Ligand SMILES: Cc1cc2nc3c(=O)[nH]c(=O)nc-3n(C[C@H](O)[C@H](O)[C@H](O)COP(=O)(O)OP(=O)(O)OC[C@H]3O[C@@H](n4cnc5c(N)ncnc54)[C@H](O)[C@@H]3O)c2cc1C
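Just one chain is shown here, as structure tokens, and it is the form predicted alone.
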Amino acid sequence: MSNLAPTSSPSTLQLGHLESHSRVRVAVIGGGPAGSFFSYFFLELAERVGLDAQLDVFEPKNYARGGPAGCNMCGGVVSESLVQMLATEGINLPATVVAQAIDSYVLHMDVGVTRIKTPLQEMRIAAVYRGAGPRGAPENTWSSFDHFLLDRAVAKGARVVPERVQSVTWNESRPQLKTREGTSGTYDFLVVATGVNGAALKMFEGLGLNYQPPGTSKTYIAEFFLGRETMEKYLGHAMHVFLLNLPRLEFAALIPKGDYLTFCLLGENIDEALVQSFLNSAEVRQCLPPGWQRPEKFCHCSPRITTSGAVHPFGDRVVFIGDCGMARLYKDGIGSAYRTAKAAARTAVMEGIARGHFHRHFRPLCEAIRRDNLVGKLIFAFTRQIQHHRFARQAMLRMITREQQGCGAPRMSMVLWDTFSGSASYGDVFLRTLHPFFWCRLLWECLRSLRARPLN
């Protein structure tokens, strides 16, 4: 047994080669979306090519449980583009998993409020629970999104091992896993889908992979019970987004989910002072019932979110996917899990499991996400400038309002819709802003805002 990374040549690490000798054993650490997507696609491809494979998913959490015990710490918004891609894969989200269908975004600023309707007039954005609902919610009200995905993988042949992996070492150039409960096994291929919350990634520091975890920042997510009638009256079927001039706050949203309201704050190390400033703002208070106060006990967490991708997210017989590999900045983390998991599964089955195979066939996707995130940082920097200048906020509001009234093409509306929902890449969003009519209208509205009285 050794802690040094294997040095096998690519030809000895092809799954086709392993197939001719014995059953291929695959271990997946983490049963969240990334791990479930990989298991689903790997086993589907293995069946197509006649590969005899055993796949074990190590996941200590039971996602069918409510509260923190079954939650995967996420705002739980599935973009419309991902909903459509899952449907093409034969994965249709049932009504019991979708806690709320979102039909529009309501943008709140100190200069006014405007509604951005879904471009296709369809309710395709799904608000879901990553577990079976918040702490204290009635049982069997909702089905867990993560549990649903893991069940799809099990239906393909995956075996769930409800134990926490404690250590990873090399055994004759193959990864060997040991759990806290004492279970030990050697595998031909290891997939790491642990996310970035917790200490699991420390297991890979001394394995000679040169892997460096992603950069992260602390966020804030909370679930508040309001009741279905109150939710319908004050929030409807819209996701409420806030562009407020609060330091370190990049994005904030109120997401309706049946009887509960999800608060989601993203930015630079969200702390209690910033949370309190957000809750006390007039723009947030007007979305809530009069006199509403944050209860003493409620379901909340402060998970970490990636701000940069991992370095060297693959090696011989090992690949890192989802948040612990490469994920989209701030938005559509579930979509990133889908894309990286599918690319890793296709590479492993169709090409091989050596570092060279992943470098040629998996790395291009990682680099595309990395480049897109750089564009995303430019977009959020531009958004921060709008947040800091009142006349710019007024200009944005005027421009969106005109577009939603049918006056001209919805250029700003589409930019914000895709930025909020994560339905398009940051590159596509940026290209839309390069249209000359976009800037002509925005500059015109800025001039009007500088000369006019403040909007009501």
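Note that residue numbering follows the sequence shown and begins at 1. Since this is a predicted model, take the numbers as computed values, not measurements.
There is also a form predicted in complex with this ligand; it is not shown, and the following applies to it.
K.L.:
Decide if the three candidate residues 174, 208 and 315 all line this ligand in the predicted complex, where lining means a heavy atom within 4.5 Å.
P.N.:
Not one of the three qualifies.
K.L.:
I'd like to know if residue 219 sits close to this ligand in the predicted complex, meaning any non-hydrogen atom pair within 4.5 angstroms.
P.N.:
It does: once this ligand is placed as it appears in the predicted complex, residue 219 has a heavy atom within 4.5 Å of it.
K.L.:
My question is simply whether residue 411 lines the interface with this ligand in the predicted complex - judged by any non-hydrogen atom within 4.5 Å.
P.N.:
The answer is no: residue 411 has no heavy atom within 4.5 Å of this ligand.
K.L.:
Going by a heavy atom distance of 4.5 Å, is residue 130 a contact of this ligand in the predicted complex?
P.N.:
Because a heavy atom of residue 130 falls inside 4.5 Å of this ligand in the predicted complex, the answer is yes.
K.L.:
Answer with yes or no whether residue 351 is in contact with this ligand in the predicted complex, where contact means some heavy atom within 4.5 Å.
P.N.:
Looking in the predicted complex, residue contacts with this ligand do not include residue 351, since no heavy atom lies within 4.5 Å.
K.L.:
Select from the listed residues 243, 190, 261, 305 the one whose heavy atoms reach within 4.5 Å of this ligand in the predicted complex.
P.N.:
If I apply the 4.5 Å criterion carefully, the residue I get is 305.
K.L.:
Given that this ligand is left out here, which of 309, 134, 333, 256 has a heavy atom within 4.5 Å of it in the predicted complex?
P.N.:
After the contact test, the surviving option is 333.
K.L.:
Could you tell me which of 65 to 73, 44 to 52, 401 to 409, 386 to 394 sits within 4.5 Å of this ligand in the predicted complex, going by non-hydrogen atoms?
P.N.:
Selected stretch: 65 to 73.
K.L.:
What residues in 314 to 332 sit within 4.5 Å of this ligand in the predicted complex, counting heavy atoms only?
P.N.:
Residues within 4.5 Å: 321, 322, 323, 332.
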